[in-house]
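For reference, the chain that follows is the form predicted alone, supplied as structure tokens.
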Amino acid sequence: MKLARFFLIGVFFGIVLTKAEAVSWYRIYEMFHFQSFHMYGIIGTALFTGIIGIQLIKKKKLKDFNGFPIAIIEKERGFWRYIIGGTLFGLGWALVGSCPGPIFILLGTGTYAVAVVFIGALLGTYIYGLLLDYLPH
């Protein structure tokens, strides 16, 4: 019961993404063909909100669910790993027509073909876990 509010927030977030058409294959198609600003506006808003949120966490020294301070660890600066990772992520997103985030939303809306994407995401996560010790981090 303690986590029920997070479940409800997730359901609400799924409804918002569905109503905003952020999970629409057609909207993603438009984005990758530079035909519409719709998805870029949603992604830009999320980016801006994330920047503000991280700055507030750092400035106010906010605590997590259990009362511990939220520690945001600085990452090592890099270039190629972000280029390669971003390219692979973008290619997967363009080929599938969906990013991994709305997989459960699409399943909830009855788009059962996304089960293939879900299996691919699980398989990719498993392979990443196997290769974790051999990858530069």
Partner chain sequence: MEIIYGTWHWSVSGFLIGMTMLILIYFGKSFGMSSNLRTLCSMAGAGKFSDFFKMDWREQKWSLVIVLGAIVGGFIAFHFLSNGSGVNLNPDTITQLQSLGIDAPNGKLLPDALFSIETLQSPKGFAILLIGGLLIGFGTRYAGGCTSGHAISGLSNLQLPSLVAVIGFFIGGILMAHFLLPIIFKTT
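Rigid core here is just the name for the largest C-alpha set that superposes within 1.5 Å across the two forms. Positions refer to the first chain, counted from 1. Values in this document were obtained by computation on a predicted structure and should not be read as measured data.
There is another form of the same protein, the form predicted together with the partner chain; it is not shown, and what comes next is about it.
*Asks:* Using a 4.5 Å heavy atom cut-off, state whether residue 58 contacts the partner chain in the predicted complex.
*Replies:* Close contact exists here: in the predicted complex, residue 58 approaches the partner chain to within 4.5 Å, heavy atoms only.
*Asks:* Quick one: name the residues from 18 to 34 with any non-hydrogen atom within 4.5 angstroms of the partner chain in the predicted complex.
*Replies:* Stretch hits, in order: 18, 19, 20, 21, 23, 24, 25, 26, 27, 29, 30, 31, 32, 33, 34.
*Asks:* Spell out whether the Cα of residue 107 moves at least 2 Å between the shown form and the other one when the two forms are superposed on their rigid core.
*Replies:* Comparing the forms between the shown form and the other one, which are aligned on their rigid core, residue 107 does not shift its C-alpha by 2 Å or more.
*Asks:* For residue 91, state whether the C-alpha moves by 2 Å or more between the shown form and the other one after rigid core superposition.
*Replies:* Comparing the forms between the shown form and the other one, which are aligned on their rigid core, residue 91 does not shift its C-alpha by 2 Å or more.
*Asks:* Core superposed first: is there a CA shift of 2 Å or greater at residue 49 between the shown form and the other one?
*Replies:* Yes, the C-alpha moves 2 Å or more.
*Asks:* Can you confirm the direction of the Cα distance change for residue 121 and residue 50 in the predicted complex, closer or farther than in this form, given it is 3 Å or more?
*Replies:* Distance between the C-alphas of residue 121 and residue 50: longer in the predicted complex, by 3 Å or more.
*Asks:* Do residue 121 and residue 64 have their C-alpha atoms closer or farther apart in the predicted complex than here, with the shift being 3 angstroms or more?
*Replies:* Farther: residue 121 and residue 64 separate by 3 Å or more in the predicted complex.
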